[in-house]
Every structure is written in structure tokens, then in C-alpha cells.
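Only one chain is included here, represented as C-alpha cells and corresponding to the form predicted on its own.
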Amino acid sequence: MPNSMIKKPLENVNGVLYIAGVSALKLAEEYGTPLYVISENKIRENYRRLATAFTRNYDKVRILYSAKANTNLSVLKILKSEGAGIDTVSAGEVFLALEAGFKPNQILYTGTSVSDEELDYILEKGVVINVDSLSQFRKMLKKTVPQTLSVRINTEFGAGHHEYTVTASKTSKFGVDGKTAMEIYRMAKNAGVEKFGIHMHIGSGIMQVDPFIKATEKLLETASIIHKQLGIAFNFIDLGGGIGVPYKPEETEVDIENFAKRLVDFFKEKIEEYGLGQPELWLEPGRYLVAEACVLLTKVNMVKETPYKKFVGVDAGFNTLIRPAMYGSYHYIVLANRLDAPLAENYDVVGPLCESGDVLARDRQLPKISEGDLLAILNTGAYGYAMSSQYNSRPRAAEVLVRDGCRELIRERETLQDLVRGQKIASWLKG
């Protein structure tokens, strides 16, 4: 079996997959499956690599971890200890960020279709708000005048690994056009807002720097017009969008040094050209920091052969990992208990859900699989557990953190009793 995807924190030890020095077999035996296993050191390495690449080219860089990728409190704690801020998109993510110890001024909130109740919560907590609509800002002003305000600009140019992850286009629900942004900034300045930022977000899973440069050009043009007409000085400019990672063996990693240099050089050139001073440069990575730090362990329940297909049935379905079903995403899969076994058969790897779309991999070449084997699905740290559900009334998986041969449970496996937690039977149905 090709071993190009078996790299730190993964290791082949006598044919058994180890994750940060811990046997996948022992983890599955101790904690059960399906099981998300997260490497602390890999998250730290990813953060430091990214931070070093950007700060080498500009000394006013702030990295905000995109919490929607993975909101486990231990993951948030790791990134906070590395110096990250946090990018949130809901009251729940703000709550979790505060629980993890982030201060309000380290948290950016960018909501869309924001309810009055959520807005009240966000304002009460005092986090930095990034406005997504004129309607939202008008509601805010009726409640309070924030000290700092940012506006999300729709650059009308986006990118991403799937159409659902592209967050900027002429038909996107996100952000505002330049004319509307001008009105919001004018209202904010007249109301007494003291500090300003400007923001874009173009998509997720982007492997090339060119889309960022193209969108940044539009964002900075908009910032320049606002600066000239309203005299607003921007304290920060947020170049939101997610840098991708390789999911397939033939894909190459983003050259982050070149990526950072090209983007920052362009950024510096334009802010000087437009007289925008030296604002902080904010970034919003999510997947880049956590995807490769996690594997999903899943046990083989069934091997089935029909006249047309060979199936490997496992205990993880799209309730556990929805990316293959939702986006058609590819995740590399290894036979964790026999890494050295030769490739032998083509299988569809399927889950236990009563859905034809519950397929984790189609026509995937794997070693000969037996019931009881342990598979490891790689690069599941981003949008894995975070997008999981209780569909088909199946409790959600557990999560374990590993580091230097040590492991600790950081999220308990749900039980059948958790399926009824919070439910109440209507009074007229009792008895």
C-alpha cells in the first residue's frame, strides 16, 4: 500500500497505524468506534508554520482560527495557547470561545441572517462584530453603538473545493456591495464608532493564492474609496478564506511560504498605493490548522459481495462524517491493523445508515478486508465531528486527544439516553 499519506503524526509500526505515538488498535479497544483521534502537536506545527510564513513578510499579522472547522474545547485551548484569535459565526461558537478562555477582543463574530436574540447575546459579550447586512447594522444601532465595527464585503469573486463552500459571488447570500458598505460606514462614523475594520471571505479549501489576490484587489479598492470619501482609517483588513490541504496522495501541499509572500507583497503594495497606512492583516484559517491533525477510526461490521459490487460496511456513516456525501469529498482510507497488506480489491466503503447516499468511498482500492478490521479515514479534523449528527437516531462519536504517546478522552461518546435528552412527551399523549 502506498505510504505517502502516512506521515507525522501518523506512523507505521510493524504494520499497525500509530497516531502521535499511540496505537490505533489500542485506541479503538479502549474508547470504541467510530472515534475521532486528534494530534495536539500537529495543530501546533500547522499554526506555527502558517504564522511564521506570514509574519516573516508583515509584522502586523493576526491569525483568527475559523472555529466552525472544529469547536472541541481542547482544540480551541491549543490554538489560544499558540496566540490565535478566533473567528466565529454563531452565538454558540462565541460561547465556546469564551469557555475556552478567549477574551472578547480576541473574538470576531461574522453572522448572517442574525436573529434579535443572537444579536443581543453577541452585543452583551462585547466581541468584535463583522456586519453582514444593512438590516443587521440598523438593528445594532437601535441597541448600542459598538466601539469597533467591521463590514463584510462581497468581492463578487470566490473560490473553494465545492460550489457550496464558495462564499463570494454576484449571487452569494454573504456580505454587501460597495454602495451599501459606504452607507453602513457613514452611519457608523456618524453614530460614534471609534475603530474600523473591513472584511472579505471568498471560500474554503483553496489551494492557490491567485483567488485571494484577485479578491483582495477588489476589497482594497473598496477600502480606498471609503477611506477617501469618509476619512475612515482601517485598523484591520481581514482577508478571510480557507487555505486547503491535500486529501489525495497525488495532491501537493500548498507552498505556504510562497503563498504568504505573494499575498502579503500584493497587500503591502496596494495599501501603500491607496494610502491606507499600516493596518493589521487578519487571516481566518480553519481547515489548514486542524484537518490533517485528525483521523477517524471505524470498525468493519460487514463485507458483502453482490453480482455488481463489493461492499465494506463500517460503523461510521454520513452521520459521523458527512463530507463525502455532501460535497463528494475524497478521504484517504488505510487498513489500520494491517498497513503493509497489498492492495487487492475495489470496494465501496459504506456506513450503517438507511440511505443509499451513505457512502464514504466508492470503488476504492484497498487490501482484502475482513470483518473486525479497523479502518482509518484520514484528514478528518475539519468539518468532521463539527458537521456530525444523530441521524437515524445514532449517538455521536467520541473524541480523543493524543500527544507524545499519551491519550485522553476530550469528548464522551453519546449514549442512547442522549437521544431523548431535552425531549418531552406532550401532556395529552401521556398515560
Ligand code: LLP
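Please read all numbers here as calculations on a predicted model, not as lab measurements. Residues carry their position along the shown sequence, with the first being 1.
The form predicted together with this ligand exists for this protein as well; it is not shown, and the discussion that follows is about that form.
This ligand is not shown here, but in the predicted bound form it comes within 4.5 Å of a heavy atom of Met387. Interface membership of Phe259, defined by any non-hydrogen atom within 4.5 Å of this ligand in the predicted bound form, is ruled out. Mapping the unseen interface onto this chain, Phe236 falls outside it, with no heavy atom inside 4.5 Å of this ligand in the predicted bound form. In the predicted bound form, Lys68 approaches this ligand with a heavy atom inside 4.5 Å. Checking Ala336, Ile78, Ile243, Ile122 against this ligand in the predicted bound form, a heavy atom within 4.5 Å turns up for just one residue: Ile243. Just one listed stretch, out of 300-308, 217-225, 195-203, 356-364, contacts this ligand in the predicted bound form at the 4.5 Å heavy atom level, and that stretch is 195-203. No residue of the trio Tyr58, Pro211 and Phe266 has any heavy atom within 4.5 Å of this ligand in the predicted bound form. Taking a 4.5 Å heavy atom cutoff to this ligand in the predicted bound form, the contacting residues in 283-298 are Glu284, Pro285, Gly286, Arg287.
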